[in-house]
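First comes one chain, alone, set out as structure tokens in the form predicted alone.
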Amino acid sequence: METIRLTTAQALIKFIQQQYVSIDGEEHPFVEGIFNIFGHGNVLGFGEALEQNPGNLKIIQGKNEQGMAHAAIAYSKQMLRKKIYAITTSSGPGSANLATAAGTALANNIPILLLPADTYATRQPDPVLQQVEQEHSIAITTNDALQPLSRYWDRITRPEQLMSSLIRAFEVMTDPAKSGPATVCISQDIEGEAFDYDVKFFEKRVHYIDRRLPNQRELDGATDLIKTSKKPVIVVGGGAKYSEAREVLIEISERYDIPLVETQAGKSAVESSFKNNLGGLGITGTLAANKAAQQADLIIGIGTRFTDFATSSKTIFNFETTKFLNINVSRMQAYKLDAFPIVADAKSTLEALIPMLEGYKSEFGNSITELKEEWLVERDRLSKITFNRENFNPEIKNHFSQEVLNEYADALNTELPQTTALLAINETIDPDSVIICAAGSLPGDLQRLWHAEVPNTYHLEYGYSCMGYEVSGTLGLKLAEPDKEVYTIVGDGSFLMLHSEFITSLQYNKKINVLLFDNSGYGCINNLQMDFGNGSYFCEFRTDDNQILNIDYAKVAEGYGAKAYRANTVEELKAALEDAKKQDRSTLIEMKVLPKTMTDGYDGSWWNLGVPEVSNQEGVQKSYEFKKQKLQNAKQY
């Protein structure tokens, strides 16, 4: 056996350079590069290995471990999971900062390779700097916190363990059914320890991501369910996007009059202008999609997890009359809602089903067009909302009094409604631009209002709805889409939570555009408080003497070296957007928007939350009684 002597870290870097994936006959390297923040535990091992032999890997210096991991997640998601970035961090707090990102990747089934340093395998100098200690086990380290947040997790305490561990990690990351974060923790002394590795371990390795085909039993069962249904509805999930099922979704929808509704992850799998695309479903859904779902006697889930937002906490469907058919590469997901499961690739399954449905037509007929037209009228109304200082505007959420709304208008020097600003952006940026969002009230507005006219231009992280993903994720978008304009649509709360990789975008000349909606508070959660009968409690950004905070975010961006704009009117916003297109560096457009000017829920958009059973507030009492009524017909499994 021919061997080569390398340190564990050198072997790891050499190995990942030789990992390829093959999808539909196209082959390419799987690992694009490595994000790093060097510190105690990884600078001498990983740092030396990368310095000596980075090969074809792109090496990017991050500013926050969570931020750079979010950038890697966004990159992989936008690349439809065909490529990844790896992440190396120091031990202790460096690896602890990965926890939020690992949860984000796991919830969204996104492959990334996490390489946090660990404490000493020999334990000779223990406790080392940044090591936690537990009395019941000396083996526990910070990295154990990543175990429940990883699809695959391992700790390397001997150099030779690396070989089996990495093969297993890449098997998991390249499996569509269980794809997610793979965490390989390497003891910092072992990073530098040498071993005589078999040279065959470093030969080119191709991971084949084959489309799993449905069997005849599954196809026959699905055909029978669809042909005996009168009003089937297709729920387009993220799996449909990863399967690249756009053309076949359009074909089955057109041929058999089956409307499409979207989850956040599935939006832009099919462009919004497609005549049978009724938009977002559920809590943040459109009126059209929710009406169609409530009429449906068969729900066909395509690559969806059926989260509470898509199902309105399992209250939007009539479970007495509605059946479910799930197509998913994950057996676990396919079983949800007691559905007839097809454990197979979305695109391949639909291609096989289309000819088997010959002669079928749903009873939706022209009502699909009517539902869509009704919603477009409402969308147009929302684009023209204005604020009235004198008389309360019934188009704006009435949780705040006219006096409080006027206070915000004065403090922020604005009368700009959020929905008006959002739709102005949709009209102004180039259609092939890619937008990203994750948390707050903006995801709801986007799922309802945003028209994605080019496939895969709508990027929402809503599996974890992680505040702080937005700006960091936009860097990942730019790495995936270097020739397109990329925009983060972010609230002030999320921007304050984390925007470290905005600086990285400037450092590496990767232009991103930050569209910052500032309503001086956690507006989404403030709405939630008041929707369920509570007062406004600690969700507004106010000083100790009750003054509304007015932060100059444009000045912050200018200090970083970005091109910054202030836009508090539609005219100023459109002008800023047009000028931002001409820039060759990252930009930030600060918009002061009024609270309570986001979209509200439409028919079928109820959300099951932990409303107190005992309260002295009448509004809370009413909310609890309403919840009991809603849950009477909700499915429990």
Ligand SMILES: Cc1ncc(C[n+]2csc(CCOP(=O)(O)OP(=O)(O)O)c2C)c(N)n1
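Not measured: the values here are computed from a predicted model. For every residue, the number given is its place in the sequence shown, counted from 1.
This next part talks about the form predicted together with the ligand, which is not shown.
**Student:** My question is simply whether C466 lines the interface with the ligand in the predicted complex - judged by any non-hydrogen atom within 4.5 Å.
**Tutor:** Contact with the ligand, yes.
**Student:** In the predicted complex, does Y85 come within 4.5 Å of the ligand, counting heavy atoms only?
**Tutor:** Judged by the heavy-atom cut-off of 4.5 Å, Y85 is well away from the ligand in the predicted complex.
**Student:** Just checking whether G523 would be counted as a contact of the ligand in the predicted complex - the rule being heavy atoms within 4.5 angstroms.
**Tutor:** Contact check for G523: yes, within 4.5 Å of the ligand in the predicted complex.
**Student:** I'd like to check something about S505: if you look in the predicted complex, is any of its heavy atoms closer than or equal to 4.5 Å to a heavy atom of the ligand?
**Tutor:** No, S505 stays farther than 4.5 Å from the ligand in the predicted complex.
**Student:** Using a 4.5 Å heavy atom cut-off, which stretch among 440 to 448, 181 to 189, 160 to 168, 421 to 429 contacts the ligand in the predicted complex?
**Tutor:** That would be 440 to 448.
**Student:** Taking 4.5 Å between heavy atoms as the contact cutoff, choose which of M497, L549, L357, V556 touches the ligand in the predicted complex.
**Tutor:** It is M497.
**Student:** Find the only residue in E415, D345, E485, D492 having a heavy atom within 4.5 Å of the ligand in the predicted complex.
**Tutor:** Checking each option against the ligand in the predicted complex, the one that comes within 4.5 Å is D492.
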